[in-house]
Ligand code: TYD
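Taking the form predicted on its own, here's one chain by itself in structure tokens.
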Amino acid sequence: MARPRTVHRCSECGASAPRWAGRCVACGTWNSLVEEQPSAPPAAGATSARWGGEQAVPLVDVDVAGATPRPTGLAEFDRVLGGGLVPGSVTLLGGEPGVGKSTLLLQVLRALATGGARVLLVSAEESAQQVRLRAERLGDLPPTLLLLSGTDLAAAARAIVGLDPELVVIDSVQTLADASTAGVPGSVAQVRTCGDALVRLAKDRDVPLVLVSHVTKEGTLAGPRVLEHLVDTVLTVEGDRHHALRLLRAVKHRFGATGELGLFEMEDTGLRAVSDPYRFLLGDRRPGVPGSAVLPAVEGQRALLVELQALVAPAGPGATPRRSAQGLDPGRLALLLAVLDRRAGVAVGPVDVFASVVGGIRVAEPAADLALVLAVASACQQVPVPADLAAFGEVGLGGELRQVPHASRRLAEVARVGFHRALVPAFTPDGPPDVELVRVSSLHEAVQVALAPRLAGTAG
């Protein structure tokens, strides 16, 4: 009998190699190859028996009624999912430890169970007593909220088939194990096997399934990359543990648009939906302080006014100036500082520059360029940006200002919050009548206009 051939599989991208190597040749990650036993090849005729009955149909005849999302009862959660969970869909939820993943899903389960739905939580990390103590903070527990505590994949599958729930949550997929698969829970083979089995079960039973996933120290979802390809939706929960604000994003969503944003506040009794984040993002702002600018950012369909702050300090003698970015792309900050120095005449070469987004959120869109450079220029010249002025626009390498998408949505939020002026690229369309548009075509002009003494005098 031939000896079983082992393979080594990358824990990051799922690529296989015949022997161990220090670096994965597919994705370049170091020390990510782990040994596993390959699965047995399918028997002759098995493939044809499984797929022989499939028939092609005209696309226009496909019934989409089964893909209608069902609301969960949590408005911000449903907003990100485009209305709710679709029957038979599989969602992967990731986030750092303690950010609120399990609490959020307990609230989703409780909301559905309160409406009479039978729902199931498979807790593979915590005991039943631990889950009960944490769930009691949310309020009364409906009798149709069912709990299975254990790490056995077969037991979880039997519970799903026997109870026929309307929603299943697995917390977490990295701690679930299949007895017939080699490897410890969390290994590449175990995660891939459990993920594949649960996805097939969800599709066969037409039940929505949510898998909780760990994240690596780099902030990416743990386990083989193939897991993200198996599921229909990938959600992430973000937030600084020192701030109460939590952000729910859809990174991948086969049933709707990605990029939508849900906002929650972490409280002692769970996560509370935040309909207006103004007090979190601008409530403690100090108008009249140099180094501050307000940006109307857009996340999905939602516009948010966020404060960008900058601080400059002389670099030490002979030291290389530092550039620190929190909530911003460090590479983009370095690029904008170079443009600000060369195209607008603001000397930032010999100073340390620290920039951040207030509130513990992250801004990555190019529309933040103008507000960021205004905050840096304001800090350098010690002249505050006017308190009622918001700014957005992309900055080019030539110092020109370029239009950005969703200008009308941004300006509507500017007007709603009570700002009266907006510094925008020259060809930005008109906005609400109570917002004055200050149109500029270059970064040099924007700095001169925003930090002019006659405007700075109105900053307080």
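Everything numeric here is computed off the predicted structure, so don't read it as measured data. So that there is no doubt, residue numbering starts at 1 and follows the sequence shown.
Keep in mind that the form predicted together with the ligand is not shown, yet the notes after this line are about it.
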Heavy atom of each of Leu92, Lys203 and Leu227 within 4.5 Å of the ligand in the predicted complex: no
is_contact(Asp140, the ligand) in the predicted complex, heavy atom dist at most 4.5 Å: no
The ligand contact in the predicted complex: Glu307, any heavy atom under 4.5 Å: no
4.5 Å heavy atom contact, Arg286 to the ligand in the predicted complex: no
Contact flag, Ala325 vs the ligand in the predicted complex, heavy atom cut 4.5 Å: no
Option touching the ligand, based on a heavy atom within 4.5 Å in the predicted complex, out of Pro321, Gly300, Gly270, Gly183: Gly270
Candidate from His214, Arg362, Arg79, Arg249 lying within 4.5 Å of the ligand in the predicted complex - any heavy atom: His214
Partner-facing stretch of 273 to 281, 250 to 258, 102 to 110, 367 to 375, counted where any non-hydrogen atom is within 4.5 angstroms of the ligand in the predicted complex: 102 to 110
